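One chain is shown next in C-alpha cells, namely the form predicted alone.
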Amino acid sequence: MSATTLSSWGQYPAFPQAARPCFWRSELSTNLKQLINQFGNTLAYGNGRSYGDSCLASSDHVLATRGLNRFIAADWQNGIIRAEAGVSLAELLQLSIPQGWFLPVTPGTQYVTLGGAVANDVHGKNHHVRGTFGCHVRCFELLRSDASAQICSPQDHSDLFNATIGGLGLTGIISWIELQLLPIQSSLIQSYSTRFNNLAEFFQLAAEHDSQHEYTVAWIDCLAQGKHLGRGIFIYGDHAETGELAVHHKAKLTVPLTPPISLINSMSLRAFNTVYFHKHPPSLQHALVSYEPFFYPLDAISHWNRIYGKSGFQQYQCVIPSASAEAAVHALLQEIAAVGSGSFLAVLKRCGDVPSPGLLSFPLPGVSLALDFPQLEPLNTTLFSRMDSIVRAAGGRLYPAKDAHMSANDFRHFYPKWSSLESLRDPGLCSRFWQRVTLA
C-alpha cells in the first residue's frame, strides 16, 4: 500500500484517503479485489477534483487511477477518441485541438479525468445546446468486483451504462472511455461580456443569448443587496471560425502553501467583487481569446483551493426549475448577502432541456447557482439549512459531486432513482457520500 494520502479538492470533510496506485489496466482486477478483501470496500480516485465526499471511499482506501492515462485509439476523420479513464481533459485537448476537435462539454476545470467526467456527468457553459458530458459518451469498459469486465453502451448493458453516467463511481471501475468530440476551426473563442445591474437583467440577457450562442454563463456579486442584488457580468461566446488550432501554454501562478485561516472573508470578498464588477465597462465588450481563459479561469492558479485555509471550503451548487428560478435565486442571494459569505467566483447559468442518459444526472431545465464558502461552523450549517429549504420548496436539487452536507431525506427526494443505482452498485464500492445519504 502506498504511503500517499489524498483528499477532496475542498479539503472538507477531512478523511484522508490511503491510495493504492494503478498504472496498467491489467492490474485493475487484482488491485480492486485486494482492496475489497482487506478493507471491505474501495472507490476509484482520479485527479481529486470533486469538492465534497463523493470521491472518498467509506473505507478511506482508494484505488488511484490517474496512472491510467494512455490513449488507445483515435479516429480524427470523425472525431472519436478512446482513452483510459485517468486521462485528463487537458491531456485530451493537447492531442485533439491540433486535429480540429474540442470537448463537446467541459466543466470549469480541465484537470478532471475522463473517468471523473463520466462518474459525475459534468456539464458546462453549453448545457442549453449539448446537454451533459454523458450525452457524448459512446461506450466504456466497466470492471466490477462481482463480474468480468463489460463493454457498456446505449445498446449493450444499457442499465449499467445509464447508472454509471452520473453514478459517482459506484457501479464499477471504468477502465477506458470512447467519446465523440466537437469539430472546431480554431482554438480561439469569440467572447462577449456585458454588465447587468440586478437579477432581472440576468434573466433578460439569458433569454436573449442562450438560443443564439454555444456558450453562456454569468459571474455574480454574491454580496450585492437591494436594487443591485444579483448584479454581475454576463459572458457569451462561440468557437471562432478562423485562427490557429493551437494548444494554450501560459505560465501559471501558484498558491505555494495553505494559510492557517481562510483568505476569503467578508472584507476581502466585498473588495474583490466591487473591483471586478467595475473593471468591466457597462457597454458590450468583445474579445478574441484562447480557450483556456474562457473555459478555465481558475486553472490559471495552481492549488487555488489552498486560499481557503486548513479548514477547507464547501461548494453549494443547486439547480432550480425555470418556473420558480427567478424568485428562488433571488431568495438564495438574499440569504447569502445577509451573512456576508460566499465566493469570489459565483456562477449563475441557465441549463437546457437536453436529457442525459444518467440516472442521477444533476442538471434540469432551469438555472444553476454555484458558490464556494469557507468552512465555518456554525455559519455554514445555519446558512445551508435555510438555502436547502428554498431549493426544496422551489423543486430544485443539489449537485452530489460538489456536496458535503446534503441530508439523506433531501438526496432521496431530489434523486428518486437513487434506489435503481443502489440495486446496480458494485458491492465492493462505496463512498462516504453514498454512506451518508443512503446507508446511514
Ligand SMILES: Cc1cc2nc3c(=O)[nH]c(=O)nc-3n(C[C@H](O)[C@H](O)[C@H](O)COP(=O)(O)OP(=O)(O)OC[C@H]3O[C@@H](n4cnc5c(N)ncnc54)[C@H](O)[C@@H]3O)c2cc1C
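Start at 1 with the first residue shown and count on from there. Being a predicted model, the structure only gives us computed values, none of them experimental.
The following text describes the form predicted together with this ligand, which does not appear among the structures shown.
Heavy atoms of no residue among Ile97, Ala240 and Phe294 are located within 4.5 Å of this ligand in the predicted complex. Stretch-level contact check against this ligand in the predicted complex with heavy atoms at 4.5 Å: of 33-41, 406-414, 52-60, 378-386, the positive one is 52-60. Trp304 is the sole member of Trp304, Trp76, Tyr276, Phe71 with a non-hydrogen atom lying within 4.5 angstroms of this ligand in the predicted complex. Among Ala218, Cys222, Ala85, Ala325, the residue placing a heavy atom within 4.5 Å of this ligand in the predicted complex is Ala85.
Within 4.5 Å of some heavy atom of this ligand in the predicted complex lies at least one heavy atom of Pro107.
Ile173 belongs to the set of residues with a heavy atom inside 4.5 Å of this ligand in the predicted complex. Although the partner is absent here, His127 lies well away from this ligand in the predicted complex, with no heavy atom inside 4.5 Å.
For Gly115, a non-hydrogen atom is located within 4.5 Å of this ligand in the predicted complex, even though that partner is not displayed. Although this ligand is not shown here, in the predicted complex the stretch 260-298 places heavy atoms of just one residue, Leu298, within 4.5 Å of it.
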